[in-house]
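The chain that follows stands alone, in the form predicted on its own, written as structure tokens.
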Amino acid sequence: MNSSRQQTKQPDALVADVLPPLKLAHPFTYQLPGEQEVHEGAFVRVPLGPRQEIGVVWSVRKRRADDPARLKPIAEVFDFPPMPTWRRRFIEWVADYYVATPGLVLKLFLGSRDALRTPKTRTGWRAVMTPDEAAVAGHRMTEQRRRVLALALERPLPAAELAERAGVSRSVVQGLADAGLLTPEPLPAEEEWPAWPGDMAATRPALTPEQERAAAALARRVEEGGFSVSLLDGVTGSGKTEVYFEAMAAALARGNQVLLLLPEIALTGGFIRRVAARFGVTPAEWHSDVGPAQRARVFRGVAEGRVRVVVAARSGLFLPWRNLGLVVVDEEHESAYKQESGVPYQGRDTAVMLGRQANVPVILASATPSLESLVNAERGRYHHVRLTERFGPARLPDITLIDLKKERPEPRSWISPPLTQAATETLSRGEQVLFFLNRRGYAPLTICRACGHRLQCPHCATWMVQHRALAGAGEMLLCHHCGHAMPLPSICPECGAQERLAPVGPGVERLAEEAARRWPDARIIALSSDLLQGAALKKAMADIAEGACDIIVGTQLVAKGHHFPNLTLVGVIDADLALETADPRAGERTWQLLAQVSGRAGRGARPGRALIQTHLPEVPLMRALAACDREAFIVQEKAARRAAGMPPYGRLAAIIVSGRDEEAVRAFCMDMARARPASRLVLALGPAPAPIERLRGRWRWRFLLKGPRNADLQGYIRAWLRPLRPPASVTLEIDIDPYNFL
């Protein structure tokens, strides 16, 4: 709504440059409204062509001779805290670094447009009598009605919340209101956010001497203020979370806000509970599963400083922080922090720049830090804080390699004899087993036994994945890239053979089927993003932690951030899977994933072990993993990356050219190749078809740019693309520091 604050009319000589959240490289100039003062950073509504658009006032300046003679006026100034200068500079940095337009980056910062408007007043409903009094008065009292009245006696609640908390439909609440048993009462426009305790030590757990030293080092950075980056490098189960909670406590004691970033939405439920247990207050959540009304409430609460802690996915970087005091990036090594569409930013690196722009400390935490962060710590750019021991009686698991060339599983099985025996022994002691396979679905490939035809997605150059456990779907084929789904045919589409289509290889569903066959009395749960999401996934994780299942079969969803105290055996089914790519980080990712999933074992009082099935037990990575010798792996990985000029010793960027017309894509790539600038530092490879040449119906070609650390890849790309005009059917995507090489 329009601000109610009336100000002296501003001089006609002043105009406002307003940036809309669109793919625009510069703001548009508007006339100031007649009766309102407009500040830089204000959120406004402006006419843009035939429509109205929300934007941010980038500058208020004197009118210039080259400005249009007739300017459209700003239509509305929102009564919302303006965007400070540092956040506008942060937007400009993101746009410059990732070669994106500032307008497109601004779109990231408008995570809830509803929050810009003043929230509507709410109506609550309070009970006028108890359920027993209502029954005596002659009103029909069902169990549902009794629950509603009991809740409404405590305090007035909105009808929707009252129905949800009582577990009834809205019609039950409406019926009680119609009967005069509920009376309306005005409520504040929004529910108040809880106050954080003044005494942060009241719920502080006992820490080990090593944890105390690490916590003191992190808290000192917060108390000193200013920008810094600390790498909290601790083995799995060492209590990193409790350690950085002490830094959070220091920031909260100073009256600041805290952003805690997690790589996966699935992790938020457990962290919400841990933050609430430590501080006595439930923090706010921010990710794609949060509904529009709650998003608006969180967005507004952050801007007004009423929300003190937010547990968020990477998009939390773009909340309108009023008084940010600390940024924590947990599992900082995770590739999930890389955004793959729109503006392809790297969440960890962007978090560091957010800390620099806001002038606040940043903590990067991981049991398996990225090579980039380790090298930055080695060079003195980051403070390196280490935790070398597990907390309490827990000890790191013993890791054993199983050579699949010697210990072959039975036909149509994937669990080797040594792993089968270990699982049987573990289950007999009443302990839990985790079988890890980072492959969703039932089988990654379906092949015709008659002609060898492989079922492929009609829109992508990828195989269709067979699924059997999706509710109500029966046997189906699903493309994990575009989402195309179809029933499993009974006839081969290539040769017409009937009943000859067969699954090849295992996914977690097929592995769970084998586990059920081997251990019929065990309680088994299969976990992947296809099978469980949202509240169902959170409940499953809680059930596992409480011992409600015996065997967990899961993907990387269970590889990090979870604490299952009764889990003592981890079996990795195919340790070589992550190595089967052209990704220059394949070795590092394999190490991180296997170390993280192995670390799920033995986190309680009982010792744990991990058995890793591999066809490559002789490679240095596997030998270092079995010896728990991270340093040996890191030394080898650094040497290989340095020799190849790969990150963090060199820089990469990709330009992906795509379109539905294959010939148009190829022709424009040839035009680009001819226009490629010469450079002493930058090597531009390509064009070549992308490894997944067709994706979602679009043909894809790629250029890969490589250079030393001091190479200005962004400047090279701008100079290269500036004179080029791709046809309307062709799209260019620029990916600085790419993580996806498909």
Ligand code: ADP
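We number the residues from 1 along the sequence you see. Quick caveat, the model's predicted, so the values are computed rather than measured.
Although not depicted, the form predicted in complex with the named molecule is the subject of the following passage.
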With the partner omitted here, the residue among Thr241, Thr555, Thr590, Thr268 that in the predicted bound form has a heavy atom within 4.5 Å of the named molecule is Thr241
Among Arg603, Arg641, Arg308, Arg87, which has at least one heavy atom within 4.5 Å of the named molecule in the predicted bound form? Arg603
In the predicted bound form, does Val235 come within 4.5 Å of the named molecule, counting heavy atoms only? yes
Do Tyr382 and the named molecule come within 4.5 Å of each other in the predicted bound form, heavy atoms counted? no
Would you check, heavy atoms only and a 4.5 Å threshold, whether Ala206 touches the named molecule in the predicted bound form? yes
Applying a 4.5 Å heavy atom distance criterion, does Arg213 contact the named molecule in the predicted bound form? no
Interface segment, criterion being heavy atoms within 4.5 Å of the named molecule in the predicted bound form, picked from 435 to 443, 164 to 172, 241 to 249, 342 to 350: 241 to 249
Using the arrangement in the predicted bound form, list in sequence order the residues of 26 to 56 with any heavy atom within 4.5 angstroms of the named molecule. none
